[in-house]
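Below are two forms of the same protein chain, given as structure tokens: structure 1, then structure 2.
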Structure 1
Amino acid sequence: MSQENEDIYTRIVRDYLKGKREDQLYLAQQLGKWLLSRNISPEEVTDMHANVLEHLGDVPEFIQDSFQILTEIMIEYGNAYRSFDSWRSRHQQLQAEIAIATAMQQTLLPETLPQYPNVDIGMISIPAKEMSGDFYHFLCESKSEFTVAIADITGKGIPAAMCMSMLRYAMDSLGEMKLAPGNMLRHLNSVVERNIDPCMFVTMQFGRYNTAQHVFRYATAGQEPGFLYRARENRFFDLEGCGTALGIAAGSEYEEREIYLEPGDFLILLTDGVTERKIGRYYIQREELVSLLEEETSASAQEMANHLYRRLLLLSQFELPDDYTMIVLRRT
């Protein structure tokens, strides 16, 4: 403890004893902040107070002795205070590691969208925290076909990111085989089922879009149903499908469905971060989502994705409790 600190402390105590004014207490509060910034421990402050008392006059012995008890107790508080410092540096180290992991995770996700004539593709994916549990993947297979996958890994953060890298590598190696959507999910299910913690699972929708015929053939593994918009009827339909999530049961089978898109029709694939939005006290209904989408039907695929994200964010008071991903595929 420096003499300087003690001098300031003495002056503040002396002034207060004379004046007993609030501004002197305010000064003491500021001194508290300053001592804290200098890493002065509670036991040092206790000791300083005892010394200051002796400078101010005769201190009864019992008061002097009682400081021994206070010091003893303050050492424990001091230990807690010092350990907080090491917690803080450990926290910073973890933050740095997470930043690296987040950057690595980004490399698992595609940077660009497929480009095909007469198909307009839009996409938005926003993590709720640093690391996302939402996954999406595009693969351009030929001049006329590409595949798209959207998935939601249970939980968030690091475990979800680790599962995601496994999913990505499995899809990369299976991609060459040009599997039918149901088969793709069957293979992925066995990979996930064998390799991740039993309490985790992955929901996914996987489909192949044929841009020559505008046929979308897909299969679903427990994924939140997306939407199909029929321009001629100006109506939205659920993009249904049944099949258990990946990683739940070995040998699951996945039914395939096929949709033919006419000009102006579009598909929306999404994760539950889009649909399970809390607005005030209640959750948004699919009908409300549809009515928001109805206002966007003339926008481009990317604008549609961006607009809906912004409107939902506004409605939920800028809270994003879950990872949010939406893909729009429109036949132009």
Structure 2
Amino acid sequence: MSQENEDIYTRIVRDYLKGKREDQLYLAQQLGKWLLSRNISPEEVTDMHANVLEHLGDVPEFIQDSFQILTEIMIEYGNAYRSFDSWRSRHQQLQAEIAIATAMQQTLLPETLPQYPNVDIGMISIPAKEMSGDFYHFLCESKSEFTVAIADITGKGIPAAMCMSMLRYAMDSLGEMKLAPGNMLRHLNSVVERNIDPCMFVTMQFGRYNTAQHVFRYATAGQEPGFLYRARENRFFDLEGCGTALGIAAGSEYEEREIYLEPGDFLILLTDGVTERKIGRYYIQREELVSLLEEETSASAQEMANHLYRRLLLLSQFELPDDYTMIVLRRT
């Protein structure tokens, strides 16, 4: 403790004992904040107070002795404060690292959606926390074909971001081979199974849309089933398909399915953050979700995605327990 600090403290104590004014208490508060900012420990403040009392006059011996007890107690408070300060520094460093990882994660996601004649594409992806475990990817293969993937990575935070990075670069590399959806998932499963922690896995739906024939061919790896809307029947169907999530079992095979879209038909690909939405004490059922979608069938793909998100957010009282991602592919 510097002599200057002790002099200031002495003056505050002396002035307060003379007049007991509120402004002196305010100065003491400000001095306390300043001492904290300089990492002055509680035991140092206790010792300083004992010294000040001796300078101001005779102090009874029992009061002087009592400061020894107080100092020992303040040492424990000081240790706790230093431990907290160390934790706070580590926390700030971690927050800075998470901010960098979040920014890097955003670079892994497409900035724009594909533009093709007679195909309307809408997409919304909202993370529940700073970093998302949801992943989506578009790749324009030709003037008449593009691929789309939607995935959910177990866990959150930096491990999920690292897995997302691996998926993105694996898909970009494999995309040059123009693999069929089932083969793409088979290769990705091999990559994920070899490179991520055994407690993690990835669910994914991967498909290729032919905009000339309006055929969507896809395969599923444990992903939440989406929806198919048939305009002629004015009816929603579940997107069929199953398969083992990526990273669980080596050598898994993935069945492919094919859908032809007529004008007005659309597909909805989604993660479980859409369907597993708690409203009050119960979770929304797929039938209830369909009833909400039925009110949006005349909207554009992007409007449909936005409207459903807002309605579900309102129904769940603005709680978002899991990452939320939806992609709409509509033949116009």
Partner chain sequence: MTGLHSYNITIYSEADIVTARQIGRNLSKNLGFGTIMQSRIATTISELARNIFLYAGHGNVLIEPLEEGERVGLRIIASDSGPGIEDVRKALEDGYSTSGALGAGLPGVKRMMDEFSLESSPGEGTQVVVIKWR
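Since this is a predicted model, take the numbers as computed values, not measurements. Sequence positions of structure 1, starting at 1, serve as the residue numbers. Under this definition, the rigid core comprises the largest set of C-alpha atoms superposing within 1.5 Å between the forms.
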property: Chain form predicted alone, by structure number; result: 2
property: Comparing forms between the two structures, the hinge position between rigid parts, one of Lys278, Met162, Glu240, His91; result: His91
property: Rotational displacement of the minor rigid part between the two structures [degrees]; result: 27
property: Between the two structures, C-alpha offset at Leu70 (rigid core aligned, Å); result: 4.2
property: Cα displacement of Tyr81 between the two structures, core-superposed (Å); result: 2.6
